[in-house]
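What follows is a single chain, given as structure tokens, in the form predicted on its own.
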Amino acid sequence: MSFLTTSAAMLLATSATAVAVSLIPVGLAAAPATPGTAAATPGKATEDTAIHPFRTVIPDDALVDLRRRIAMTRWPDKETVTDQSQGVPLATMKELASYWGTDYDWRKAEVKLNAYPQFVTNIDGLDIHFIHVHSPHPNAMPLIVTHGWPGSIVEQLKIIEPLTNPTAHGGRVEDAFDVVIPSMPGYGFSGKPTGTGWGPEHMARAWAELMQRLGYSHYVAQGGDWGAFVVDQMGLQAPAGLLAIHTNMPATVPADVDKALQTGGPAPSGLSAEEQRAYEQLVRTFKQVDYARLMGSRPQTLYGIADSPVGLAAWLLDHNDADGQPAAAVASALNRTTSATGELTRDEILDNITLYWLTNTGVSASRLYWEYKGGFFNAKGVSIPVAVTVFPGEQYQAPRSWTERAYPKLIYYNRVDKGGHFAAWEQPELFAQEIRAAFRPLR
């Protein structure tokens, strides 16, 4: 199946070298107010619908200021418990801050980002930053992947090579993807909305526009965390060209179960053992999302995460997964300096946190929780083809029974034995294998 329009295919066949060369002079332009450089300044509303090259270039003085602020941190007292029930422990934060303020090197993160073609285009008055990598293999399937909170495009960097060049990672030529990874509005180098209305529904429409603008006549979409909300909305909107979606945080909870969860009532009768386990996992999860409730009600109150790097880091670290809060995969990564098999490392965690700091997106990213007024894990009514991978470290393990009812055109369902809420970040090779298998029926 060919996924490009004829005109777009001709353009891409002649543009790869030009894009690679054009990134360098763009990076020499005067630095905009938001760190990074681009032909269009991120956040500036224009009517320009062109696609401009972008290069990540952070001024030295921004990095000097970051280290100064870390060194000047005013620390609170130590927690009064011996576990993490009061939040990220003081010793953990002091150890991380010591490394962040002295030995951590953001320039290595820049090299990783700039190894991939980055662009910016204006959609509905907001500049959208994205990575776009073409597969070296013909007839690759176009795939748009959406990150979540407290993540960014940093989450997906490790899956680009396995997806675009599968033959180098145990896959087949026919498994290849062209990969598009946008930064959500208010995150990273995308523009920050100056008005309301940029929730998952709007993002879903924008992503369809982006894929059309890139010349793809057919494509698939993937998401986890907030990205799962976006792809569910894409599935509901069913734009022309969208073949299917894949989610690693499926919204499958039936209406009666969701009502019981929201009201604190007992679980509905008749649940299978697998369904009862999922219900209990959801009860636990909803007890661990105070951060979401605050961002959903008072995001502007979070001035501290715009003023203190350590405050921002602690806020971003205190996210939950199936094993508790902070997320086990993230907590363990703080003590891991290298990984030969793709697990999260301390530098990767700091790459993500530092991106938030340098772009001053702690508060603007938080507003997404305020924007969204729907349910979280409840079935949404998606009727297009859907693929689901259930990771054991996710906030709940979606039963197949619920998944089949929530997604009546389920084309793939698999439970894997490792990985969690940040699946692409934690287990990139396994995640890539799942994406290949999930969309194989559409080849």
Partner chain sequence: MSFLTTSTAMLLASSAAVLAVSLIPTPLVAQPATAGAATEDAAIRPFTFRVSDEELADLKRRIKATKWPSRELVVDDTQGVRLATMQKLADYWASQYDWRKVEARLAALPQFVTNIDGVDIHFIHVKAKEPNALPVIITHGWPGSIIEQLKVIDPLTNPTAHGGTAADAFDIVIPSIPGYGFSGKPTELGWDPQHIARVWAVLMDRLGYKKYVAQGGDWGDAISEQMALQKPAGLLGIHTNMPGTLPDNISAALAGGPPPTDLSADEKYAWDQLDFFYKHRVGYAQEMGNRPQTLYALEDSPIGLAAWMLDHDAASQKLIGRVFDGQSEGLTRDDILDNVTLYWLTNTGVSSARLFWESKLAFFAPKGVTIPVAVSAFPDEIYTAPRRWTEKAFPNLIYYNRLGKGGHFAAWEQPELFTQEIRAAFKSLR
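If you're wondering where the values come from, they're calculated on a predicted model, not measured in any experiment. Numbering follows the first chain given and starts at 1.
The next section is about a form of this same protein that is not shown, the form predicted together with its partner chain.
Although the partner is absent from this view, R367 contacts its partner chain in the model of the complex, with a non-hydrogen atom inside 4.5 angstroms. Contact check for I305: a heavy atom falls within 4.5 Å of its partner chain in the model of the complex. Not displayed here, its partner chain is approached by K192 to within 4.5 Å at the level of heavy atoms in the model of the complex. The closest non-hydrogen atom of K78 lies within 4.5 Å of its partner chain in the model of the complex. Contact with its partner chain, judged by heavy atoms within 4.5 Å in the model of the complex, is confined among 174 to 182, 130 to 138, 308 to 316, 199 to 207 to 308 to 316. The candidate spot formed by R68, V363 and E371 is fully in contact with its partner chain in the model of the complex: every one of the three has a heavy atom within 4.5 Å. Of the residues T341, T337, T301, S269, just one reaches its partner chain in the model of the complex with a heavy atom at 4.5 Å or closer; this is T301. A single residue from the set Q237, S217, Q84, S332 has any heavy atom within 4.5 angstroms of its partner chain in the model of the complex; that residue is Q84. Residues are counted as partner-facing when one of their heavy atoms sits within 4.5 Å of its partner chain in the model of the complex; in 259 to 297 these are Q262, T263, K287, D290, Y291, R293, L294, S297, in sequence order.
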